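Given next, in structure tokens, is a single chain: the form predicted alone.
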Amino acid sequence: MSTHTPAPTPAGFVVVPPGLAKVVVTDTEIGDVRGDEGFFHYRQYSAVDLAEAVGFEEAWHLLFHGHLPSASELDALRAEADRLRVLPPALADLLPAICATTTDSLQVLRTALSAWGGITGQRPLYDAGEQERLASAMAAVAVTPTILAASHRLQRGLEPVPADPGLDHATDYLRMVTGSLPTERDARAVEQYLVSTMDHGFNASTFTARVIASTGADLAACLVGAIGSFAGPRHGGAPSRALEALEQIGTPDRAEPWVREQVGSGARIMGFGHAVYRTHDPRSEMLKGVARRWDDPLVDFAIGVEATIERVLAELKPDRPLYANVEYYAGVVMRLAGLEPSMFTPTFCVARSVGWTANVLEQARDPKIIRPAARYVGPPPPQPVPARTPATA
């Protein structure tokens, strides 16, 4: 942190809180998060109610078009998604080389989507009309799970499983990852997770995507930037870490001392607390109900540990209520549905690709570039430039 006196704020400029906390930067019709109430919505519907009532494709249509689809609209979206889920041949040929460079599926997705942008001839949003932008967004959402599933298998020396246009989005994603057709319970559980995490206000990755979109760049560039932001452990990287915490605790009697050790050392307890919610995360509450569909010791253990952690945190941090967030039960549900921890955050990306692209489409209609200012706090200028020391022969 600089020790210099900040320069005066110029007339007409506004100093905002660190991290833009509670600063409204634009208007949106896509959705909102009301953290004090423990409520969030897509368009005019509760996102949790949608996750209980509709499938991935219906929610996808809602975020893109502003209304739930009719039967014919749903058929049309499914037919288009089926076609677009198949990897372009040039990208399929390139993917093994990308996977050979890293074991991180999000790094593969970033690189692959960048290549996809060139392979499919993505034009700058600035030059594209509304229908071309929408077609690009549809294609990006459709191909994302195929890229992630193929990279997961390639990194393990397995052959990618081609997309099956006859299956719904969530079922085919699980099948492409695991190599087996999932049960209806497993597919529906993952689908509900996907629907409940498609969008969540102006989080860091969504804001990143919109900043890039405001420059008029192509849609692939917007998604690459969003994924780069999302990859950070403070943002999208917590589901596997929350499950790791359960594994570290091991047994119910270890929960309380483990929490006290973590808090005492200043460590963050992954899967608890949220930047917006000041009460229970509705996504976590819904996923807890989803997890209960399995008769598995992991579910009972997670529920018991949750209660202990919340009790101890209430004692140790009475001024800041901390509850389980979406990552806590997301890891439990995905593990029980057959996904490995390395695929938890990538699966989050499968869902969030819908919200990112919906926000990019909305931002692309705004002609103004996002260009905030920074307050300079370095040494006061102007100072004389030092004379250059002649080079030694």
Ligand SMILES: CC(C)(COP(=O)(O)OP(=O)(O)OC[C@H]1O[C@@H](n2cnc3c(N)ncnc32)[C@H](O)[C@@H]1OP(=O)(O)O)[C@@H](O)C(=O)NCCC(=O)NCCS
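Worth saying up front: this structure is predicted, and the values here are computed from it rather than measured. Residue indices: 1-based, along the sequence shown.
Keep in mind that the form predicted in complex with the ligand is not shown, yet the notes after this line are about it.
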(request) State yes only if every one of 113, 116 and 144 has a non-hydrogen atom within 4.5 Å of the ligand in the predicted complex; otherwise state no. (result) no
(request) Would you check, heavy atoms only and a 4.5 Å threshold, whether residue 134 touches the ligand in the predicted complex? (result) no
(request) Examine residue 181 and determine whether its closest non-hydrogen atom to the ligand in the predicted complex is within 4.5 angstroms. (result) no
(message) Considering non-hydrogen atoms and a 4.5 Å limit, does the ligand approach residue 322 in the predicted complex?
(response) yes
(message) Under a 4.5 Å heavy atom criterion, is residue 156 part of the interface with the ligand in the predicted complex?
(response) no
(request) Using a 4.5 Å heavy atom cut-off, indicate which stretch of 262-270, 147-155, 87-95, 124-132 touches the ligand in the predicted complex. (result) 262-270
(message) Give me the residue from 307, 275, 161, 298 that has a heavy atom within 4.5 Å of the ligand in the predicted complex.
(response) 275
(request) With the ligand left out of view, choose which of 217, 313, 291, 106 has a non-hydrogen atom within 4.5 angstroms of it in the predicted complex. (result) 313
